[in-house]
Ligand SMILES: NC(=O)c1ccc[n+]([C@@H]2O[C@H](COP(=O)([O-])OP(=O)(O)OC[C@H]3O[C@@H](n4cnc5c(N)ncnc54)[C@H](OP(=O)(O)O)[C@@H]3O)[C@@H](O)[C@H]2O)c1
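Shown below, as structure tokens, is a lone chain in the form predicted on its own; questions about how it binds or moves come after it.
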């Protein structure tokens, strides 16, 4: 073997943890569950409440609608004017909460400022809260649940399911989460702890962040800063697995919190942006919808 080829071959190149094969596999299961429900007279139906016409929100909604339709579920968008009053908004949510033909409800964020004070995560009844934000649903994480069929926050579920699809077990692993949001960091830290990982929850003001990530078996980047993590955060000997939750715009391009090109030779695996955690989050949302319909049919 020529020397140049030999030198190139000894460098580690990260495995790309694409969501696509996992999504295709799980979609088949969701289709079967949806057909089973319809055969029993229950057609799973998602309702999304959107205030205004935010372009990013519309893009997310299209992805949800597409996957709903692919598995055979119903999808309804309730698009409201930005100036809708608080009382009118609450009345729409109340109506959907009490509609037996609606099995899952999402309040698409962001909403107008005058509605943001309404404690939005608690407005959707827990049994239809397919985003998994209601206190009754997140409480199950505090109680130690490891059941990914529950209505739990979608991004944490998506992260764990992506790891499982590629054969990565978190049991006994040292995990560092960078980011402490209520949507990702905090619930994911609980879910991983329940699955017997040893979790360190960090954030932008953590003083020794590089020291912590260099010792981790798994790093989850969810800090919301484009290319925040570079190769200086990783020890090649650890063969770290990286889950990149970030969705940022940098120089007009969608990028993650991790500079993949910079780190791909010092980590063993990394989820791409786009094409990684994003599709897994939508998949988890549809799984929550089907689970919600199943639970309501039993109830």
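Positions refer to the first chain, counted from 1. Remember, it's a predicted structure, so these values are computed and weren't measured experimentally.
The discussion below concerns the form predicted in complex with the named molecule, not included here.
The closest heavy atom approach of residue 247 to the named molecule in the predicted bound form falls within 4.5 Å.
Taking the partner from the other structure, the named molecule in the predicted bound form has a heavy atom within 4.5 Å of a heavy atom of residue 179. In the predicted bound form, the named molecule sits beyond 4.5 Å of every heavy atom of residue 139.
In the predicted bound form, none of the heavy atoms of residue 89 sits within 4.5 Å of a heavy atom of the named molecule. Judged against the named molecule in the predicted bound form with a 4.5 angstroms heavy atom cut-off, the residues 155, 205 and 224 are in contact without exception. Judged by heavy atoms within 4.5 Å of the named molecule in the predicted bound form, the contact stretch among the candidates 72-80, 122-130, 183-191, 102-110 is 183-191. Though the named molecule is absent from this view, in the predicted bound form it lies within 4.5 Å of a heavy atom of just one residue from 209, 175, 93, 162, which is 209.
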